[in-house]
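Take a look at this single chain, the form predicted on its own, given in structure tokens.
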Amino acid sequence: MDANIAPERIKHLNQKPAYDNGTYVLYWMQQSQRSYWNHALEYAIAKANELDCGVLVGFGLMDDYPEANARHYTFLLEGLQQAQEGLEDRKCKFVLRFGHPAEVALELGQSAKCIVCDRGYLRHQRAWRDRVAEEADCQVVQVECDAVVPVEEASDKQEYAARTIRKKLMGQYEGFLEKPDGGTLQKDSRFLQPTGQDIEDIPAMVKRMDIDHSVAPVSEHFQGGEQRAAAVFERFLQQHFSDYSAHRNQPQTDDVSYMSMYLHFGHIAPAHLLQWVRQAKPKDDNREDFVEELLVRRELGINFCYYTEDYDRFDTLPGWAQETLAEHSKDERDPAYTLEELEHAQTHDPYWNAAMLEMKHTGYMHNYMRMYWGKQILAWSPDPKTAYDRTLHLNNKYFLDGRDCNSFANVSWVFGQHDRGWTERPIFGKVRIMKQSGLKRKMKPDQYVEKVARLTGIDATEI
């Protein structure tokens, strides 16, 4: 079979053969929630054509996904709704079932000749795939779709910083920009027997779920789905890309791609984005800076979570960072705020408040403000460990792209991960500091406050 997929993306998770009596190839979709530029789907189609059978695409939806709430589930279901449409156009049957993802995969896999899955890098995602590989009666094949360079090909260890992984990625990534193509599915699979949940009425579906409903959906700002992801990126290329390098650290502007949330849910492939940029523009600073963010910075986060067992724990910070923060853990915090005050954007700093409000109301915050936002939580919390826990909690609760490899890496960066020691200061020790004076020097924070006021409907003077 040939689906134009680099062999480094493909891994057999068990040594079992294809099941002769199966009726379809099951693509267990979890991470790569899309119907195009999906290496796992294309592999499944090619495999089904080889075995002369159809393709069933199954998704397991659990009520207790770690830290997920109504905001996240709404965006996810918006994406699955569009993925279902795309899959049906390709003659694939899509089945959504409530339940633990691994159990749904095993249930649907009972009638499968072969199970194909995409790849996740977090602890629970890896454990799900290990369980399916162990308990399934047939062959289980994992196809890596959501990193440009497969994680083990990029590096065989946890990298210290962007500078240590950059050369490895830049030397390889052009060899992994292939567009996968499994061909046309020969057996129309839309009428396969397994059935699932209807996802036509997403608000009603979310309302019935036993989840945290305290964080509202933000569909008026961002909607999930592969078609929407493509439209957002096309608008970025046409209207904003020419100013990307000049403005990517200017949060008062909109000259960013807004792709992080779509990448988190697998609504668009990072390799597709890189191909798109390469075709749209000649090599220039805008393209080079975009590659740096999408490839180097994002895949540094994947590397961090893959090679760090406790990627969400304070004690996985570099030794020097833990030591210097401990030495200053008793330094006076003035001001100091409670978690409730932070969550309600009730600080003395209007720029920080604006960032918190942007996150709460839209599910997004400009990356430059994310760094400032996290650094101030460290400054205003009673000790570094409390600050770390608060930052990760708020990040994962409100951001659409929270609970992601990049979330864990970026929060850890606030406290010294992937960085070096700087001039020693109170509270921060040798960890990098960001101050309000720096914002005023490098950007236009008052304009950012006005932008957030427009987005949220809150008077700028009240921020």
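What you see is a predicted model; the values in this text were computed from it and never measured. One-based numbering along the sequence shown.
This protein has a second form, the form predicted together with a small molecule, left out of what is shown; the following refers to that one.
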Original post:
Among 168-176, 183-191, 358-366, 320-328, which stretch has residues with heavy atoms no more than 4.5 Å from the small molecule in the predicted complex?
Top reply: 358-366
Original post:
Considering S35, N49, Q31, N410, which brings a non-hydrogen atom within 4.5 Å of the small molecule in the predicted complex?
Top reply: N410
**OP:** Could you work out which of S257, T253, Q139, Q84 is the residue within 4.5 angstroms of the small molecule in the predicted complex, going by heavy atoms?
**Re:** S257
**OP:** Determine whether any heavy atom of G402 comes within 4.5 Å of a heavy atom of the small molecule in the predicted complex, and answer yes or no.
**Re:** yes
Original post:
Is D383 close enough to touch the small molecule in the predicted complex, meaning at least one heavy atom pair within 4.5 Å?
Top reply: no
Subject >> Close approach of L122 to the small molecule in the predicted complex, 4.5 Å, heavy atom >> reply: no
Original post:
Taking the shortest heavy atom distance, is R298 within 4.5 Å of the small molecule in the predicted complex?
Top reply: yes
**OP:** Kindly confirm or deny that F290, R370 and V414 each have some heavy atom within 4.5 angstroms of the small molecule in the predicted complex.
**Re:** yes
